[in-house]
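Have a look below at one chain only, the form predicted on its own, in structure tokens format.
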Amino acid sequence: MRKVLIVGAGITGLTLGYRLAKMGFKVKIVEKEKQVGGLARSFQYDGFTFDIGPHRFYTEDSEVMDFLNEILNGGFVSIPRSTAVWMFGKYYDWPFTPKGIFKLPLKVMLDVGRDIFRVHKKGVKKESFEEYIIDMYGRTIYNTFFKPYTEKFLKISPREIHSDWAIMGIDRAIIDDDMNMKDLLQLSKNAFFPKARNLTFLYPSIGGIGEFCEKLAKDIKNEGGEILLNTPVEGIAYAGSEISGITTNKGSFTADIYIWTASLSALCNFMAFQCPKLSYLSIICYNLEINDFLKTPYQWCYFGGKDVIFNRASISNLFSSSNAPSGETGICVEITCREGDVLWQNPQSMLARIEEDLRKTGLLRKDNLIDKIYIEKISDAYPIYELDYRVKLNQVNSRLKQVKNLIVTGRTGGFWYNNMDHSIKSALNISHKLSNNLLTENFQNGLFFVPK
């Protein structure tokens, strides 16, 4: 039995742990948080369940779908998508519909119409987020939504963000591969002539999205694996070209293979590698228990303007009715920040403003009472794709590839802005490779998985 030590009990780490344990590997997972799930964990209090923002499963990959069915074993519900953006003091369906377009201010509609017929800069590389969005969707949509939302979300100018953030972000928001929204003309066609295809998503019947992770953790233990919670890494012993052990607050552990799904910058620091720093964005989640059933049609909504303090709000019981007591509603409000900044140190400072903006946007009526608010800090939630991130990431990858018994993967470890199905697929691919190439020359040269 080859020993595998996995750092991080998120979707990727748990999927790998489960698959490798079933293959006969001796699996140990160390996780710094008090529960499994990573960015896909759920919080439960007072009969309410909250995810870290909107989470639900969707995939067209048969292997991933089979894996979801294997773990959930029928314990899921199918839900439609109902998403919105808040602009000009109104809610608009996302993706756009004809009804939504005609709700736009007349000047905006006319300006968008003119943008459709502008000339694209063919053959010109769009390096920044700003260049990409303006070229694809025109300056009107850029100035109306993408620019203010991105500045509020990432806290830096869109001119300083790589175009990959736009490409991946739009793909993550659209999901449907059949929906072509690569430019303004296609976006308009899809809005006026939508395809008769209503996407449905899978969501655990009870326990929130974290139930999937809890089931994985239980299955890992049933296969002889071990999961240590509240166990942050404190050091890594590295000599020559291999890791010889990892030290935590609960002792030191050795393995034949080390799989890292946590922050790349932390990994480089532990190994004393002189690598450029890659930045991550953190989230403060404000989970609100409301004493009434809110009749909003939207599971979640994006708030682009600076007139609203939060970036996104999601209604937990619209994913599963079990996420809130009967007649009550759970709302998760998200605000991004950098770990250690003013908001991270004092998240309570935003409570009054959050309530004010919830009422201003109509999510809360005057007679709705907030019974309780729970605050959760989520570190390293998003990789930040600054203009030079590819150069930095390549330098980090080149250094880490020299470590023979190290695999780096996952959303955080791979510095990969992905969805849960992508994390599952990458974990399944790694498990196949380890099964077929265990300690062969291919493995000795380093298995390192990053997004294409």
Ligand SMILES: Cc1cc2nc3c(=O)[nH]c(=O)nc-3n(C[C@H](O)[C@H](O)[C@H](O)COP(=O)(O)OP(=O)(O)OC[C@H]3O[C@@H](n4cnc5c(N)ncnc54)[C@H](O)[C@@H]3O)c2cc1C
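This structure is a prediction, so every number in the text was calculated from the model and none was measured. Counting begins at 1, following the sequence as shown.
What comes next is about the form predicted in complex with the named molecule, which is not displayed.
Taking the partner from elsewhere, no residue among 287, 315 and 317 has a non-hydrogen atom within 4.5 angstroms of the named molecule in the predicted bound form.
Only one of 363, 233, 136, 71 comes within 4.5 Å of the named molecule in the predicted bound form through a heavy atom, and that residue is 233. For the candidate set 406, 52, 64, 393, a heavy atom within 4.5 Å of the named molecule in the predicted bound form is found for exactly one residue, namely 52.
Although the partner is absent here, residue 16 is not a contact residue: none of its heavy atoms lies within 4.5 angstroms of the named molecule in the predicted bound form. Although the partner is absent here, residue 382 lies within 4.5 Å of the named molecule in the predicted bound form, judged by heavy atoms. When the named molecule is considered in the predicted bound form, residue 334 lines it closely, a heavy atom lying within 4.5 Å. Residue contact check for residue 401: none of its heavy atoms lie within 4.5 Å of the named molecule in the predicted bound form. Contact with the named molecule in the predicted bound form, defined as any heavy atom within 4.5 Å, is confined among 369 to 377, 261 to 269, 289 to 297, 348 to 356 to 261 to 269. Of all the residues from 2 to 18, those having a non-hydrogen atom no more than 4.5 Å from the named molecule in the predicted bound form are 7, 8, 9, 10, 11, 12, 13.
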